[in-house]
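In the block that follows, a single chain appears as structure tokens, in the form predicted alone.
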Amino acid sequence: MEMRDRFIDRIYRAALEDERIVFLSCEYGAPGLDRFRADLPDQFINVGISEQNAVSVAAGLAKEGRRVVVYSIASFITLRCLEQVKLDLCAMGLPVTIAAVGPGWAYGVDGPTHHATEDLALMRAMAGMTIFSPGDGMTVELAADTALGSDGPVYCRLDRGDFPVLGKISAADKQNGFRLFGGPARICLVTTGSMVHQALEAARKVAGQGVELAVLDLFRIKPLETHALAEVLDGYDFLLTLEEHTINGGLGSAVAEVLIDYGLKAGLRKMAIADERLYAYGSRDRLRNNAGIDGPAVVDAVLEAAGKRRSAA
């Protein structure tokens, strides 16, 4: 099941038991929505291609006691209606969940209008906003359950496609908003969303060259459990952050803030999309390669941090 459909399915199952839950779609379809629309017509509203209006409608419904989920493409539901998110949701502290599909270059072939490469920075700046960036089915379901129980606005960054489940989430992981893969190591790669799969693949490859790499999946970007995160990061000599997002204000910036606030001594390299105009169209793999955040680039960065050159193989 695709990540967005797993999220929708979780909301659907909860809505069967709770008539307060209302799902708003901005004219976008998904297999999971067909069942929601058919089985719960009084809890489903298609507002059309009007993201700004959708957020305001969601705010009104939330004021009347509904638990509202707004579904749209990530670039549109953030950039087009940032003022509505700020004033109608965050300023009012309303329990509305934004289910944003297609982060980063998930819609790469559709060009810059569909690239959601600034959304984390925008949503991090919104007071009271909770941000989830799940990378597999377990974290998607956690995000959905948490969103439905939240007293304030939530932004869920849902990638396209089906990704392998990476394992169970412990009670501590749920509390901290991150989970750690790998044993003792000098280097830790901090990542989020679908990039965690690329990070784990890089860890397998560098292990073949004698380099141990820990991978930290930061699936809740905000609020950060900064103390717990600092305790974990303090055990490494060098950190890399990896994200399909602009280098400004995203995951790397959040990690850098923790390093500064807690006086940690680890080195840091941020791997992200450069601060430059991008008008390219193409596959996600091509765009990642051009930006230097694809698998081979990650392997090279880890080996450089470890003081090793990549082998000819």
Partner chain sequence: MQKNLTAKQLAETARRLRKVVLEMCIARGGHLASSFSCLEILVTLYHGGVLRFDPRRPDWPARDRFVLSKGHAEAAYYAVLADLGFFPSFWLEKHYRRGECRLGGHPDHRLPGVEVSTGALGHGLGLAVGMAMAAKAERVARRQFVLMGDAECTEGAVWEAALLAARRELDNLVAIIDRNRIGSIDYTENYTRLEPFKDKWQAFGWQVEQCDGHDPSQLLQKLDSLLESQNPAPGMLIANTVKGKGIDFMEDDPIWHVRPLQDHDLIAAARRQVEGEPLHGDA
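Numbering follows the first chain given and starts at 1. Predicted, not measured: the structure shown is a model, and the values here were computed from it.
Here the subject shifts to the form predicted together with the partner chain, a form of this protein not shown in this document.
* **Options 49-57, 240-248, 29-37, 255-263; stretch whose heavy atom lies within 4.5 Å of the partner chain in the predicted bound form** => Stretch 49-57 is the one.
* So in the predicted bound form, are L180, H197 and L224 all sitting within 4.5 Å of the partner chain, heavy atoms only? -> Negative, none of the three is within 4.5 Å.
* Going by a heavy atom distance of 4.5 Å, is D285 a contact of the partner chain in the predicted bound form? -> D285 lies outside the contact set for the partner chain.
* R66: touches the partner chain in the predicted bound form, heavy atom cutoff 4.5 angstroms -> Within the cut-off, so yes.
* Even though the partner chain is not shown here, does D159 get within 4.5 Å of it in the predicted bound form, heavy atoms only? -> Close contact is absent here: in the predicted bound form, D159 is far from the partner chain, nothing within 4.5 Å, heavy atoms only.
* Does D136 reach the partner chain in the predicted bound form if we count a contact as any heavy atom within 4.5 Å? -> No, D136 is distant from the partner.
* Which residue among L87, A127, A228, A207 has a heavy atom within 4.5 angstroms of the partner chain in the predicted bound form? -> The residue from L87, A127, A228, A207 that makes the contact is L87.
* Name the residue from D234, D145, D151, E83 that puts a heavy atom within 4.5 Å of the partner chain in the predicted bound form. => Comparing distances to the partner chain in the predicted bound form, the residue within 4.5 Å is E83.
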